[in-house]
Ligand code: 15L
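This document starts with one chain, in the form predicted alone, laid out as structure tokens.
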């Protein structure tokens, strides 16, 4: 990789990556719909709206690899999800194809599979069970990545990011937490590993309480350094202060599942 494009540069993950990826590749282009307030003087930033194909196609010119973090990062109205996460994601992959980009690392989410119960451990081969419009958009991005990998030859990595933070802060996050350095490691695998064609990884650190089998990531050399149990005492103390949420506490997606829920809760569902 000589030139890497990172979308979503002003978001929470993008802000951390501007430090963690700094200097990792000869040229990194950072992009977002708005300019980050803390952009370093040496960092190359291009403002662009991923909802506009022409702008994204121009953005991808001369790029070897893309880390696609851009779009809505939480549940929103369908109109906002559609433009940023559905149309914007299509624009990104299509612009990559037209510009002969080699690789795309797509920031998917645990919310693509949020409606699996916490008692069930799942791998990346399980069918998607999105817990929200946001989760649907991430499942769409994974499917789109598969299309462009197998039909057009892009090398695509989808990372189902859990909770990106310095520490896990409650019981659910003890299972899904990923530290910044570990996410950076997964992104580097997606950009650099010579044998990768299309893969889905779970974005999780070394979590003893994990609900996910991350064998695919381990197979490509992922060795997480963050250990969730180091923060278990603080997280479980904080958990006691949270209000009960029978639906969110049952499913892996947490409050994304209970929000707008009107299905009739069946705790025997697997």
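Owing to the predicted nature of the structure, the values given are computational and were not obtained by experimental measurement. Residue numbers count along the first chain shown, from 1.
Not pictured, yet referred to below: the form predicted together with the named molecule.
Stretch 109 to 117 is the answer when you ask which of 178 to 186, 95 to 103, 140 to 148, 109 to 117 has residues with heavy atoms within 4.5 Å of the named molecule in the predicted complex. In the predicted complex, the named molecule sits within 4.5 Å of a heavy atom of residue 73. Put simply, residue 163 is close to the named molecule in the predicted complex: some heavy atom of it is within 4.5 Å. In the predicted complex, the named molecule sits within 4.5 Å of a heavy atom belonging to residue 173. In the predicted complex, the named molecule stays beyond 4.5 Å of every heavy atom belonging to residue 251.
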